[in-house]
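Have a look below at one chain only, the form predicted on its own, in structure tokens format.
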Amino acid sequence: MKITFDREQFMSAFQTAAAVAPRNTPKPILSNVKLEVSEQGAVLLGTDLEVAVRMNVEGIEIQRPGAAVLPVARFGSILRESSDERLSLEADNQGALVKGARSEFQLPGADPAEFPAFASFSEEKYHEVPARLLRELIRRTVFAADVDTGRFALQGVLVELEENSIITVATDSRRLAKMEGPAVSVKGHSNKGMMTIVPARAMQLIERALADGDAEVQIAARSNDIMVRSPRATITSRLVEGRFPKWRDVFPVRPKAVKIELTVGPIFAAVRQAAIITDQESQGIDFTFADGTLVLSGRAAEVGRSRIETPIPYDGPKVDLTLNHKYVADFFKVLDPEKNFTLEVVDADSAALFTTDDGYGYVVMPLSREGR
């Protein structure tokens, strides 16, 4: 195999494929990315046997087709540290030779045939989703997944594919994020009755693999895995086992709730200021709504106190509750500062509900004053 390639374009695709390669594995071949070059083009393949990614590579001149196995750490460093716009790569089972204008690197080789085989996207039934929407669905929910405990069903993002929509949901039982958007079912594709829980890291990889120029993405949910195909990438992931909570029960109708229309930027700034006087043991901030003002109060032993006031369009009865400032900040981080949202609160013992007009909902459980 022999090619010449654009370093920046190749590095972008290589880093995405390499993101799933395990650092420590009893199968050394998995610590590599496989490059396949044919007359039709070049693709990079990476896997840890749970998640697999196939990336198309642009900007390549093919002198001789073939395949090579490229070590993630060493080859990745060459791509990052080189200052050449284009590099050449010549490889066989004995090794790979990478050349720049004034540089040359010889890497050990491995048999490409030992690399795990990849399943192609051949599904006739699937959902079509705008790429930009899918990235937003992932970005606004994946952060709420529970990656720190052994509750397997909460370690991923639930994906529900209905006739005209797609819904993603993630929770760690203390907060829950839900996003919904339009999608098209092709040939009646649906995962109704299935528990399609995609590992959080697979969802992050999907978001990373999608390019700004991608239009539509195809999603096929099967009993044990999910496949996602865009113009430049195909990703397959096994599903998380277990049963996801009945998330719709978290969004009950609350006739006594107070609804306040707010803007992300000013409230996020106030939360960041109040959070200055908190610590690891005391992450709660008191929210007080009254007389056209939101007062945010933080305190921590041996640290001090904070009190931040910001005007809001509210003149109803006083409402107090305490929320984890990190959870609140996570909601604001995935939205533009100019974005408007609705905050729905009831009392100190009820969850706060944050919603936007584009299908996004976020629930945060309150903290007790003693638990601060």
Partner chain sequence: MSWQGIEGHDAVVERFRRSLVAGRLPSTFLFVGPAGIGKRAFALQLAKTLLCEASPPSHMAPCNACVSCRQVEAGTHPDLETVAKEPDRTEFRIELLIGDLEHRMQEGLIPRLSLKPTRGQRKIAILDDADFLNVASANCLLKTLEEPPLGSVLILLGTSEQKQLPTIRSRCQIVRFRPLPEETVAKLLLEKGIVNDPFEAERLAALSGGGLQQATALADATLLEFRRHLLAQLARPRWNSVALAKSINAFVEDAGKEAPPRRERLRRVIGFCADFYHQLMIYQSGGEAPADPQLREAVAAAAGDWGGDAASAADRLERCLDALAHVDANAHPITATEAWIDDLAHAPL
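Here the rigid core means the biggest group of C-alpha atoms that line up within 1.5 Å when the two forms are laid on top of each other. Numbering follows the first chain given and starts at 1. Since the model is a prediction, treat every value here as computed from it, not as a measurement.
The discussion below concerns the form predicted in complex with its partner chain, not included here.
Comparing 94 to 102, 81 to 89, 116 to 124, 275 to 283 against its partner chain in the model of the complex, the single stretch with non-hydrogen atoms within 4.5 angstroms of it is 116 to 124.
Contact with its partner chain in the model of the complex, defined as a heavy atom within 4.5 Å, is made by all three of Lys27, Val147 and Glu241. Ser223 is the sole member of Asn164, Ser173, Ser223, Gln106 with a non-hydrogen atom within 4.5 Å of its partner chain in the model of the complex.
Proximity to its partner chain in the model of the complex, defined as a heavy atom within 4.5 Å, holds among Asp320, Glu344, Glu50, Glu36 only for Glu50.
Put simply, Pro71 is far from its partner chain in the model of the complex: not one heavy atom of it is within 4.5 Å.
By the criterion of a heavy atom within 4.5 Å, Asp111 is counted among the residues contacting its partner chain in the model of the complex. Heavy atoms of Gln155 reach within 4.5 Å of its partner chain in the model of the complex, making it an interface residue.
In the model of the complex, its partner chain sits within 4.5 Å of a heavy atom of Met195. Comparing the forms between this form and the one not shown, the C-alpha position of Lys34 differs by 2 angstroms or more, with the core used for superposition. Core-superposed comparison between this form and the one not shown: the CA of Ser190 stays below a 2 Å shift. Core-superposed comparison between this form and the one not shown: CA of Val345 displaced by less than 2 Å.
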